[in-house]
Ligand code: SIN
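Form predicted on its own, single chain, as structure tokens, below.
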Amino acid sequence: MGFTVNALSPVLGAEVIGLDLSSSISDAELSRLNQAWLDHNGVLVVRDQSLTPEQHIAFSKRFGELEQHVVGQFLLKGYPEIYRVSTKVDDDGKPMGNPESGRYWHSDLSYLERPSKASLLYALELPESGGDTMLASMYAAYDALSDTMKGMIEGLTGVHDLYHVNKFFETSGPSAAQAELTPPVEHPVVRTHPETGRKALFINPGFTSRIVELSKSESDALLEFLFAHATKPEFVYRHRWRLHDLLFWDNRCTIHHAVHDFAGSGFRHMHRTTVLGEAAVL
């Protein structure tokens, strides 16, 4: 059907070559693309795109309803579906995106009652070097746990809290008012993916603050173990960006981390759409 899919890592991730998303792709192409996304554990990069905001939004909507990020100052003017991930400033000297954004492991919008299905991040400007994005398979992390640990954590509930992420920021985290718009929610520590039927861990250092059924010391110890386990190198694909890549990941079975190692080597400027998901269930 006119495009090829090449695996990029044994654990997750593939690249798509020869697909032009600036015009509407057929239902058959979309079905094949979605299956490749699922087959490669929720991470695809579509190379060599040239997308206007309208085209980025139109393609993203093929996968579902789009979210509008609560941190509204970083939305693209006229396009509230697009969240700017950027280290640049505008003509008035104001940040175009959060300069510290994503420098911690997280799953986008896991602090919502219906956490996101997918994120689609489009690279408009890149530094000369650095600025990679690491993605970890929460399928692989779950599968590698012992049966005893699986039995212990299934049925546990994690609290996901937007304001919790401020521990990773020096000055530019979400405000208290923004956090009040998205109060803490509870999700199962292990969720079943609605399309593949596979189980995955559903916790992340950015937004998971505690486990409901445990004492604070027990919760802290278990989360520390699970966070370290889930981000072992064998579960991680490190994406080295090319200009005009569209990276498309599944927030239901991955977590990701933006590597901020490019100070002095240029700007990292990207547009992101986020697809609304369903309630997480065991």
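Fair warning: this is a prediction, and the values are worked out from it, not measured in the lab. Numbers follow the displayed sequence, beginning with 1.
A second form of this protein, the form predicted in complex with the ligand, is not displayed here; the remarks below concern that form.
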{"query": "Proximity of W249 to the ligand in the model of the complex, heavy atoms at 4.5 Å", "finding": "yes"}
{"query": "4.5 Å heavy atom contact, H256 and the ligand in the model of the complex", "finding": "yes"}
{"query": "In the model of the complex, R191 touching the ligand (heavy atom, 4.5 Å)", "finding": "no"}
{"query": "Contact of S101 with the ligand in the model of the complex (heavy atom, 4.5 Å)", "finding": "yes"}
{"query": "Contact residue in the model of the complex, chosen from L121, I211, A141, L162 - any heavy atom within 4.5 Å of the ligand", "finding": "L121"}
{"query": "Which of 177 to 185, 105 to 113, 194 to 202, 146 to 154 lines the interface with the ligand in the model of the complex (heavy atom within 4.5 Å)", "finding": "105 to 113"}
{"query": "Non-hydrogen atom within 4.5 angstroms of the ligand in the model of the complex for each of V85, T133 and R268", "finding": "yes"}
